[in-house]
Structure formats: structure tokens, C-alpha cells
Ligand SMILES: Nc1nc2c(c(=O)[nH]1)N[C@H]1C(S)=C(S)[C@@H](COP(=O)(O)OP(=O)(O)OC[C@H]3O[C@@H](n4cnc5c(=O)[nH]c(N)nc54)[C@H](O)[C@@H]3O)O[C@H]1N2
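A lone chain, given as C-alpha cells: the form predicted on its own.
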């Protein structure tokens, strides 16, 4: 699938010759698309198309497309948007390169080799769907619905996920966005304030902002970054807690260079200080708090000095943070975070963040946590059926939940352990839709072993990611620029402005190319073959969007006529709900054997000679999803490893040295990267961008570029309340020129 373009062929291409011309010679059209003087007048047709909703990351900015002769040549932010406006990030701009990526999946493929080492044969859609339908039907008939598992991700995976979960009846569904990302956050806040938090903090109006490990400026979620920047411009004090001097830390008033895994101890000390010095919002707690007395008793042992020793930071700095928050309360943004699956003690940390927000009275006030009151649209999908034989792995023999505060779905490890052991039942069919569980889930070899033992594996994706190498049938999906899909709803990002809401259905900017199909077509055809034709809720994806819009009194034609976005009056976001309360001590949590108040659970320190491996976002990539994009790869083709500069000197390493890694279990990285020495990182950790090191040779740009950090996560840690993974409990040494180099973390 690789596309080879030599320099000679490039220069010989008349249509591309204009890149060598000065800008003064390039003529702008009315739509903003430019043409070369080499193109004769009347040889092209320019138009602007509306209705785009980006999916180069999950933030989903609203777009317009610039087309020339039915080819999409440019993407821009929709000027009507009250979310991202005309702004889009580097990834959003590079959606053009995803659309036309020569490595994209084009046709249904059948693996006639072995899983993991595939040999692909092009087949017809009928043959592909017949095989998928018959094989999944056989698994269902042989083992029951619990014999099928699914790993979905993204907006296109919702419709097929609901089919397998609600209609077929399997509980074995694991979304990476929940079990390796934000699920712990959502369930912890649900257990504290009865609502999932999102990223709904009113940063533009905040007087102080507290962030734990938030990579603002490295994640580039446009409207979110706008809120953050507006808050800083308005003078908000900014506190960043992170072992690394991130882009956020570079803008902070206080950078807390915390020891990894000890964040909850830090928060407990702040809260205990606020309680003992009576710097908390007593009126708010009297009216909205519950279990406050039990909470104060539970945290009373956390002095500043105790936390300072545990967190390896000065006690005076913890006090400084506490005072800064108290002096600016209640107009304080305690950010809930997004990716929070860190150390396996994460539920309690997220509970602590929710409780700290309550102590400061920072719910439903300017500058605090303020949920966006978005408009309602429909949610047409598969109806839930009764399935007596379906078994939930999260229920033990006594019908008690193993992980009572799990996110939606079934914890990934329960699915994998069951598949490998066959107990309490076999799992022999696997559907992977838009997720790459080889690079999203710790324990890569375990995931490969799970896939090896399946009777049938089906993958649906846009690109040939690593996990597609393990498919029996590989189906090509249309990209976000070629389909109808979700309906993005929300509110104006700056609550200080006039309140407005928006409804933006995703509409195709281009017709699908080659033989790619959408999720409704694929799922419906498989459903027919599995015997569920009578349950199909819609015939086409366009029909689904129309029905969902009808709930809001809209149609696709109307929204398209309105420029791709419907805008209506909003609601007061600061209005406190009548039944709102903050459970500082949650008796339901205590009743099932977990701490009812936020509690610190220590994690293991780095073994001698090793440093903890942490990872994060980079501004021009969305993990592995964008690695094959030629524009973005050119901007950041590898993921340099951050190493403390003093340690680097002792280790004999310098900037640009090529290194590999070996972890605590003796696993060596398959590829290498370069060293980035810096004083801006603790000595007990190393850091790299996540999502690199693709192994699939069909990804001709991304293959073997950088190091796959997930491959080094062989130690599996689970959060006890949720069953979600802790992703930062593995440790590494460096390898240079074949020699293993210890990391002198005690230096």
C-alpha cells in the first residue's frame, strides 16, 4: 500500500509545479483556495462545503472544506462555530492527508496467512460480510452472546457496539476511552456529585486554576485551550502538579514537581490544611455537603509535613498552593483531567479532586466547575433485548460486583483473563472497531495471545493499525470527511459571553472513495446474516442522523442551509440544581469495602537502576491515530525520551544519542529513539510521547518510527474500585550500542 514518489517524478508533475513559484504569483479565488497561473482559466471549479466535524482527535471541531474539481484541498474552522471558531490545529489541517493517505484501507481483505503475520487477499464486500456474519453467528450459537467480545472506539463504533451489546447481548465490551483513559474520572465524580465531570471548568472566569498532569498546549483541544488561555490572560493564578516541566508548567505560577503516584497525598494535605485552618467554604458545605464530619476524620492525619515527605516536595509549597486556592475561592477551576488511568490508585485521587472542589465551594459558580447545558438531540440506535444466557464477568458467584465503580462495559482484564482461561466460559469471537488494543492496553503479548485463541477476529478501521495484523477479515471504513455521523452539541465556550448552544451534525465533505463503507451499512449487513434483520433500527446512516435531528426540530437540509451549524439561545450555566450534593464521605463506597473518603494508596518506587516510564501527548499527534500522516510525521517523526540532564551526564548520554530500552521484566524495545536531556524532569522518571513505534509495515510512513511505550508496559496494575488499568507502573533502563545503562536515580 505504500506510495512511492521520487523527486524526479515530483518535479515533473505540472500540477505541483506551482509550489516553486513566489507567493505574489499565486492568485486567490473567492473561496480562499489558490490556483497556479499554470492552470488555464476555467479549468477548475472551486466550492466551499459545510458540515464537517473533525475527528483527528476526539474534540471534534467544526469544519468547512475547500474543494477544487471535487478534490478536497483545504480544511478550515467553520466561521459560524461558537466552539472552535475559525481555528483548527495542525492535526485538523492535516485531515487532508488522512483522506488521501495511499496506505488507507481501500477494499475488504481476507487474511490467508496467520494472525500477526498476515497475507492479505482482496475480496468482495459480499464475501467479507458473509464470512463475518456466518462466523459470528456460529460463535453466538455455540457459546452464547458472551462468546463474543468487542473493543470499540470513536463515534463510528457506537452503532455496532450497541448492536453487539444490546441486541446480541454480550457484556464483553471494553472501550479504551473508558478503561485506559477517562472512565475512572467519570465514575469517581458520579460517586461524589452524581454527575460525570467532562472538562467543564469555567477557566476564562477563574481566579485560580489547578491542574494535575494536564498537558494543556500539548493536547491542543482548540476550544478547551481557548478557555485556558483566556483564563491566564484574565490573570488567573495557575498551579501545575507534574513530575515534568510540561508546556502547562512553563506557564504556571507554581510548578509542583511531585513524585509520581503521590498526588492523592498532596490533595489530602491541602484539604486537611483548609479544614484545620477553617479556610474552606462552610456555608456551601452546610447547604450541599454530606458526610463532612466522617471526611474530616479520615483525612486528619495528613499534615503538610507528612505529605511533603511522601510527595518529595517542600511542605511550604503545599501550604502555598492551599492558601492560593483558598484566597481565590470560590472562583477556582479544579480541573478533573481527561486521561487519568495512571498508577492503579486513581479512583481515590479523582474523588479527592471532586471533594477539594466542594471544600472551596467551586461548583456552579463563575470560574468553578460549571456543566455545559447543551441542547438535546435524539439517540436512535439498537433496542435492548432480553438475554437470559448473557453473563456479566463483573459479577462474581455471589452476584456481587467485582469492580463496583467500573465504567460502562466490562473491565478489559476480566475479558482477557476469561478468553485465555476459558473460565467461566469461552470467548471465541472478537470484533475490533476503530480501536488499536495492541497499543492502548498494557500487556501486548497477552492481547496477542487473546487474539490467537479466537475462532474469528474481525477488524474495521480507516488505517492498517497494528491490531489489524491479527484480523481474519479486515473491513475498510469511510473517514470522518466522507460520512454522516454523530451530532456534535455544546455551548459557547466562554460563559461570560451571551449564552448560546449549537447543534452540528457531521456531514460528508467528500464522497467515499474506493470500496469504503460506513458503520450503519456494515453493521446492518452483519445483523442480517446473524439473524437480527427485524431489529435493525435504521436503513442508512443518513436516516439515523435525520431522526436524531428531528428530536430538536431540525433536518440535515435546514442545518446545511444554516452553514452546517444550528445556533440557538442557551441557558444559565451557573444555576445550582435543587438536588445537588457533594458526598465527601460516600457510604455506598464504604459498604462494599472501599474507603468512603478519599484515601491515599502508595505505589511501588522504581527498582534500583530503573526509572518510572511516563508518557503523554504531543501537539501534532493523537497517539497512534495520526502517526502515518505525512504532514504530521514530518513535524514530529519520533518521540525523544526526556532524561534529567544531571543523570544523563553521569550515564554518559547527550542530546541526540540513539537509545532503546529494557524494562523491569527484561522486555526490550523493538525500536529506538533519541535522548532529550533537560532539567525539567525528576530524576526518578523518564518521559516520551505515546503512540509511536508502529509495527505494521503497511503503515509505510509510521512503521518503526520511534518507540512504542505500550510495548514496555508488561506489568499490569488495576484500579481496585473500577478495574481500569494503571498505565504508569513500569520501569526502564537505557540501551545504547547494545549496552544496558543503569539509571542512577539516587543521585
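Positions refer to the first chain, counted from 1. Since the structure is predicted, the reported quantities are computational estimates derived from the model, not experimental observations.
Below, we turn to the form predicted together with the ligand, even though it does not appear here.
- Looking at the ligand in the model of the complex, residues 272, 359 and 361 place no heavy atom within 4.5 Å of it.
- Across the options 301-309, 116-124, 314-322, 478-486, residues that bring heavy atoms within 4.5 Å of the ligand in the model of the complex belong to 478-486.
- With a 4.5 Å cutoff on heavy atoms, residue 621 counts as touching the ligand in the model of the complex.
- The ligand is not shown here, and in the model of the complex it never comes within 4.5 Å of any heavy atom of residue 586.
- Contact check for residue 246: a non-hydrogen atom falls within 4.5 Å of the ligand in the model of the complex.
- Of the heavy atoms in residue 461, some are within 4.5 Å of the ligand in the model of the complex.
- Contact with the ligand in the model of the complex, judged by any heavy atom within 4.5 Å, is made by just one of 169, 147, 411, 260: 260.
- With the partner omitted here, the residue from 416, 237, 215, 162 that has a non-hydrogen atom within 4.5 angstroms of the ligand in the model of the complex is 215.
- In the model of the complex, the ligand lies within 4.5 angstroms of at least one heavy atom of each of the following residues of 603-619: 614, 615, 616, 617, 618, 619, in sequence order.
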